[in-house]
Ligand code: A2P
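The chain below stands alone and is given as structure tokens, in the form predicted alone.
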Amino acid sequence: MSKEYRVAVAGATGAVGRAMRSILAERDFPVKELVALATAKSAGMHLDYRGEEVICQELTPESFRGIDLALFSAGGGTSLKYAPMAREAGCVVVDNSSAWRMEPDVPLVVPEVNPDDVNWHKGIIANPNCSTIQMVVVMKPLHDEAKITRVVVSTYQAVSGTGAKAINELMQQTGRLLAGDAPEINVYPHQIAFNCLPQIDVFLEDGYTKEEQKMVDETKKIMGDNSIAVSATCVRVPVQNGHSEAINLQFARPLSVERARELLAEAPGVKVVDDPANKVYPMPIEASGQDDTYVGRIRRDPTAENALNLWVVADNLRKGAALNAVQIAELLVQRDLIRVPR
């Protein structure tokens, strides 16, 4: 009989936490018992897991006793406080926040890109930023073939990346504007309905946002190549779910459109959707709810040597968060690494 694990989901009532529970069931992860954890406000809520009722518990320092694996999606502050406690209790943590991503002794993992990095975990593994994940999944096979030297990316990020309140605000603002009423603005600094906001997270001293800097730093760490130059502009758009990215890649060696398409078609977790003559290209409404990262509009950049343009779309709640975390957990099972090194 295969080994089963006691698994906790911290932040179980949030959008990503719900997706984590759903994906654990869909992929038949070997769960002996699922423990749902959240704030005191959510404690006592009745949640579904594989058709059975799970009662949400308050997250406390004692929550991880007897837990083998914890998937965290409860915010950076919570992760900083509780992930070390979980590790001390003998639990391996896969954390979805930005809290641990750039710590040198914490692996930052996308299973299709750098699976071997799980081998050196010390009890905490970081899940990358949603916009970074879908980009590096597409970059990996192309980098292996022709070595990427520079990336210029512009993102078009859905409101679900901010959470349920942002989804509700988009819907409410849209309804009010269509009815001729003034929108209420609470979640974002400006109206999001019928608008684009060139700000995700706070601005840094150099004029870039924290989200843009995450893409720069995380890409280099995941790809294991600090020589890759990355320039990012991140934009919030009035889309409910599914992040889109316009990516310009420059290579050290020539790479044809045809060869790039072949490599991407063979790459794990990637689906090529690229028939512009018939108006076929990736769109968030089609990628939403799907596991693959979609890529299309693959074309040569005539203004730069050895450069290609691509359009990449993925479900930010699934591959951009919950699915990637579960895939990391699956790697840990396959390699018998659900244990904290002592």
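So that there is no doubt, residue numbering starts at 1 and follows the sequence shown. Just so it is clear, the model here is predicted, and its values are computed rather than measured.
FYI, the form predicted in complex with the named molecule isn't displayed, but the following is about it.
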Checklist entry - Using 4.5 Å between non-hydrogen atoms, is T219 touching the named molecule in the predicted bound form? => result no
Checklist entry - Going by a heavy atom distance of 4.5 Å, is H190 a contact of the named molecule in the predicted bound form? => result no
Item to check | 4.5 Å heavy atom contact, R300 to the named molecule in the predicted bound form | outcome: no
Next on the checklist: G163 versus the named molecule, in the predicted bound form: is there a non-hydrogen atom within 4.5 Å?
Outcome noted: yes
Checklist entry - Would the named molecule be touched by all three of A15, S42 and A74 in the predicted bound form, meaning a heavy atom each within 4.5 Å? => result yes
Item to check | Option from 62-70, 32-40, 306-314, 284-292 whose residues, in the predicted bound form, bring a heavy atom within 4.5 Å of the named molecule | outcome: 32-40
Next on the checklist: I need to confirm a contact call. Of T78, T233, S98, T149, which residue comes within 4.5 Å of the named molecule in the predicted bound form, counting heavy atoms only?
Outcome noted: T78
